[in-house]
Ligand SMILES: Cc1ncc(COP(=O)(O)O)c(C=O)c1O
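Quick setup: one chain, the form predicted alone, written in structure tokens, and binding and motion questions come after.
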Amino acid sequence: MTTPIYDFIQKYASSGTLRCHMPGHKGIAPEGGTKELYSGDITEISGADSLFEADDIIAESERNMASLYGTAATVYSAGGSTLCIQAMLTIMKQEKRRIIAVRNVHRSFLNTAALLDLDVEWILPRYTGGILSGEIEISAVEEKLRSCEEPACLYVTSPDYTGRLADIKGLSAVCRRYGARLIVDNAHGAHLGFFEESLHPIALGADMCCDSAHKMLPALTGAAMLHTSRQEYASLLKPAMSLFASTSPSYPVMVSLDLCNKYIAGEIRRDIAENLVHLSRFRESFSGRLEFADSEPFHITVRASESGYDGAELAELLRKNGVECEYADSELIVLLSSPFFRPEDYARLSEALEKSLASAGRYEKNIRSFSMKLPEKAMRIREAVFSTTEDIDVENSEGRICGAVRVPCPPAVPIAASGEIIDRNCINIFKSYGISTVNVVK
């Protein structure tokens, strides 16, 4: 697999060319230990191509990525999956499609809805213990699509933050039946295309999806891809992205995507197969002591409260034993592995978890009763976000209209969406997640 962006950067960095162009560091690091980082950071000079008008080395690298994922087109983002979400929803707005979304979206979806003035119709998943995860019921989707008189699109997050996978094949079949488009926030699933049987949304029938390469592949933070299975969308992806993106995308981030192609082509299937063995052994070693959530294998999601532990306490103990979690609350701990994990990493994780369990307090096993209903809507999302707002104590927010969504990231899943009236149920959920203030319309 060729690596045209990486090759160009390496050649330029060693050429000794006087850099009378941006960036201002001129390839020289303020600290000696970061020399390679700075020497490879360039702008759109001759031969380096341009991300949003690509016809040379970037275009070649993107074609390589498309061939690996089996897409009609794949384009790069140096602005994470957020930029890809903005582009996907822009194309849906251009087609005048009604946006139907499953509620456990990332807040970047809501921010995009505000920017594009989208009026979103929500589907509540059947939640499992909290707002992060739940089952998307095909019947609920079909009912919503059947009642929609205009062209529609369905927006789903899969894997969700705990690693739970939606039935993308079933959802795509329903969408095709009603002429709707299926777009997927697959930020946590860039590796899914390289299992023995592909679990990637494009392979399962999605029309567009985004992958955050940095979450599960050896890529720098901010590296992401936007895929489509529809040839008619291929020429629309970059114009849509350019509405929101910097005109100076990070070349180090794009180099990391370029090198991911080489890794995917040569090593990822072997690494996934080897890691699956270690992941299975890891889970088995804690069988009977810990409950694990139903997730794709590389998300190790511990149902702490159902196992008789406080997740936040256990995460702090893991931290003291040299392990930093992806996310923890009283109910859950999310530990992310990846195909790049080594056998010794599982040994370290097992040892740290054993020590942490030995020190942790024991509690009565608890399966939290959780109910979520859609709050009443008072404003369009855009109107609320761009109103004059204030931050107030959650306890005093009942009856107020939610302004900007400022839930913590991770996990960045909204409880009340912008424009909705905060009710007592919302307040209870805010408090259960340790959120003490909320932004409301004045």
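Quick caveat: nothing in here was measured; it's all calculated off a predicted structure. The first residue of the sequence shown is number 1, and the count goes up from there.
The protein also exists as the form predicted in complex with the named molecule; that form is not presented, and the subsequent description refers to it.
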Counting only non-hydrogen atoms, the one stretch of 75-83, 281-289, 262-270, 88-96 within 4.5 angstroms of the named molecule in the predicted complex is 75-83
What is the one choice in H200, K215, R103, R181 with a heavy atom within 4.5 Å of the named molecule in the predicted complex?
-> K215
Only hit among S356, S229, S108, N275 for heavy atom within 4.5 Å of the named molecule in the predicted complex is S108
Should D258 be counted as a contact of the named molecule in the predicted complex, where contact means heavy atoms within 4.5 Å?
-> no
is_contact(T71, the named molecule) in the predicted complex, heavy atom dist at most 4.5 Å = no
Would C209 sit within 4.5 Å of the named molecule in the predicted complex, counting heavy atoms only?
-> no
Might A187 be said to contact the named molecule in the predicted complex, defining contact as any heavy atom within 4.5 Å?
-> yes
Looking at the named molecule in the predicted complex, which residues in 142-177 have at least one heavy atom within 4.5 Å of it?
-> T157, Y161
